[in-house]
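Taking the form predicted on its own, here's one chain by itself in structure tokens.
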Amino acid sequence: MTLPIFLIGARGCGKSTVGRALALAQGCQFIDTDYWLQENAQQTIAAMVEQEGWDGFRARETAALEAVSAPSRVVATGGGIILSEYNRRFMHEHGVVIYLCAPVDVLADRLEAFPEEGQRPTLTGKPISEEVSEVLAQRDALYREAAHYVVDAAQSPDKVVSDIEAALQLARAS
């Protein structure tokens, strides 16, 4: 594998879990843009948003995307990275973009089961299932626009990795 693989999707779709497993299976490095950002800024995403607003955070997110993009990497992105047309185009042109797509109920169940993994501040202030439903309705078309492949992320992480590897194999063959 040479081009980076970008994993996109809503919070709870499994970008970090699948990304780690995929990187291991592909023999490459895993980077999570959210963790990379927090380590480099020495603060949480919530603190960045509180200090700089969402626009400031989104600018940092774009810089992080550019900084971590390199050959032989699997990059798990933040759920809102696709809000920027620049980011969608950058990922599409510089790597292989996989949209980990899952229904609202699966995403909400995962976020409720592992609330500490939802390190981002709430986007709407509403209960999780309502927020996930609203955010996904706004972003699904953008995820699909950016993606080279859409994979069903409601499955087990091993099955998702297997589906991604099958899609990558098809891409190499064509």
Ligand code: ADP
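Computed from a predicted structure; not experimentally measured. One rule holds for the numbers: they count along the sequence shown, beginning at 1.
Although not depicted, the form predicted together with the named molecule is the subject of the following passage.
None of 65-73, 106-114, 138-146, 39-47 except one has non-hydrogen atoms within 4.5 angstroms of the named molecule in the model of the complex; the exception is 106-114. Although the partner is absent here, S162 sits far enough away that none of its heavy atoms falls within 4.5 Å of the named molecule in the model of the complex. The closest heavy atom approach of A10 to the named molecule in the model of the complex falls within 4.5 Å. Along 145-164, these residues reach a heavy atom to within 4.5 Å of the named molecule in the model of the complex: A153, Q155, S156, P157, V160.
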